[in-house]
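What follows is a single chain, given as structure tokens, in the form predicted on its own.
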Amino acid sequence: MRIAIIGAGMTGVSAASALAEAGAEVIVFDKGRGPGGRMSSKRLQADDATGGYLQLDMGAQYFTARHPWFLRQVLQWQQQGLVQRWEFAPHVWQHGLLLPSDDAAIRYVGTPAMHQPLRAALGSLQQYYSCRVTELSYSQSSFSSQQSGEWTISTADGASHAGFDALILTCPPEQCRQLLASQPLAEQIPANLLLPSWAVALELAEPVKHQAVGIFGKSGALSWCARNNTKPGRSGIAEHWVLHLNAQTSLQLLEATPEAVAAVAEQAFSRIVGQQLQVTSALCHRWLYASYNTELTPPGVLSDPAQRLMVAGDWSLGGRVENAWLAGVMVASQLLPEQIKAPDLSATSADFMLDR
């Protein structure tokens, strides 16, 4: 079976890996410069004194592991040196107070960048990057390996890729709906599943005096603050903090300039840590589709079996990196049920079962 996957985030990579292992021919398309999706990192030139590069995680900050299957996968990544634990005691900002959090979850990060395990999982599979898909078409044809219908993918550079027996879309729901506008399955994709978020990385001339490393924002403009240079594989001379504006504030500033967004983030963070900041530089990234909208019920993996069309993402199961991985395995199991087993979503465990 020849399968096209649009989107090289965790869901797309998980599906690609499982399908390729089962013997399918998999081709991956992504409009980004490499794999990762919302797990991608910005690579910056480090200080001349240190050389090399500094990885800034602007999207997903870490991930946890609870399902037994994902636990095994994380353990394998650890053994390969692709993932490490990020050990710190989180804090919470609420009602004007910065206090220790009772959140005891074990957190992991890709090293030296969040997308590292995804890049390794894709290996030598055929991949197209900086490749924006503009049109999808399905037709009855005798050219596909299954002697049935086939999918054709058209891209912004004028290229056409034909002969796919199955198609998997793992891009954000809104983009999936646009690409599938002529397909009945588009009507099953709920609106507003993912909410926007501005991410701001601040380089500071002097370290923040407070001991906090990761801060959950329960009030104010920021939902998350992280001392990026404390993560494994990301040490550098200068101190960098990555700040995520919450969905409400991000919506209000959706069309604002990066300078205006950085100013809001800096002011809010300065209040949280109780310190005037000396910002050396600021980098902003707008995620139009970031966090899962918890007011909506997860729709699960969507499919049209007759056309071998699948749509999935972390949003299928309610957000989180782990659910993105599980959704990818679920997609693969539906396409090749005899070779790939579907995960039991009720089978959960605790991530402290991993070797430390």
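Everything quoted here is computed from the prediction, not taken from an experiment. Numbering starts at 1 and follows the sequence shown.
In what follows, reference is made to the form predicted in complex with a small molecule, a form of this protein that is not presented.
No residue of the trio 150, 166 and 341 has any heavy atom within 4.5 Å of the small molecule in the model of the complex. Residue in contact with the small molecule in the model of the complex (any heavy atom within 4.5 Å), chosen from 189, 201, 261, 131: 131. Heavy atoms of residue 302 never reach within 4.5 Å of the small molecule in the model of the complex, leaving it off the interface.
Within 4.5 Å of any heavy atom of the small molecule in the model of the complex lies no heavy atom of residue 308.
Of the heavy atoms in residue 41, none are within 4.5 Å of the small molecule in the model of the complex.
Contact between residue 112 and the small molecule in the model of the complex is not found at the 4.5 Å heavy atom cutoff. Stretch 175-183 is the answer when you ask which of 175-183, 247-255, 73-81, 89-97 has residues with heavy atoms within 4.5 Å of the small molecule in the model of the complex.
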